[in-house]
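Quick setup: one chain, the form predicted alone, written in structure tokens, and binding and motion questions come after.
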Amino acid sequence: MKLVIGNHNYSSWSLRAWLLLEQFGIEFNTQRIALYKEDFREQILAINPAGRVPVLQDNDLIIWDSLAITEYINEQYLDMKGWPADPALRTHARSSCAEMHSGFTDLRHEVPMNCRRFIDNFEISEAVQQDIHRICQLWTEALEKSGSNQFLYGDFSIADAFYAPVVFRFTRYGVELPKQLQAYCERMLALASMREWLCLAEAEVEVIEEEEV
């Protein structure tokens, strides 16, 4: 099985699929295609006609889009353990991931993921602050509903993988969070898989200015 990704430093969508595979100890190879290089489009179109990363290749199957990839991994390799077992928690987790997948456009555009960069006194717009408030609301609900002091819904789940790029965004741009949510970010950053992703990001040499990849 092979996961095709973009830059570790910038590609939030790639992180989601990669982190889920890593956290559950699933064997896979990684192919990185540097974003915004002259041959990027040619390389990715040869794998995925949609022209985007990530892409999962499993034997003859090609799965694209991070949400589709995580659902496929959950069905084929995790015995459905990628979502909470409790129906109410599972519903909330799926809904929060869908909201992340399709929403928070102001946060994406104004606060792009950049694992190597720390910004002091970043000026947060009102629109971004609304996105931050909503994410904090979702995280608080998840932690309270699950009674967890570890991950959003108890054990590590697809939801944690989906919000991992937000953890990098919040910590790199100095977003102030309630104590409970700051502790959640710290637990996520302490994961060996998150530390490995960060090391890979720091080793990259490409620098791009695109807002969201």
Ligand SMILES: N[C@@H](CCC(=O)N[C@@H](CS)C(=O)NCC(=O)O)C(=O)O
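Being a predicted model, the structure only gives us computed values, none of them experimental. The first residue of the shown sequence is 1; numbering continues from there.
The following text describes the form predicted together with the named molecule, which does not appear among the structures shown.
Residue heavy atoms within 4.5 Å of the named molecule in the model of the complex occur in exactly one stretch of 23 to 31, 45 to 53, 175 to 183, 150 to 158, and that stretch is 45 to 53.
With respect to the named molecule in the model of the complex, the three residues 114, 170 and 193 uniformly fall beyond 4.5 angstroms at the level of their nearest heavy atom. Among residues of the shown chain, residue 13 is one whose heavy atoms approach the named molecule to within 4.5 Å in the model of the complex. Contact check for residue 81: every heavy atom lies farther than 4.5 Å from the named molecule in the model of the complex. Mapping the unseen interface onto this chain, residue 101 counts among the residues with a heavy atom inside 4.5 Å of the named molecule in the model of the complex.
Taking the partner from the other structure, the named molecule in the model of the complex has a heavy atom within 4.5 Å of a heavy atom of residue 66.
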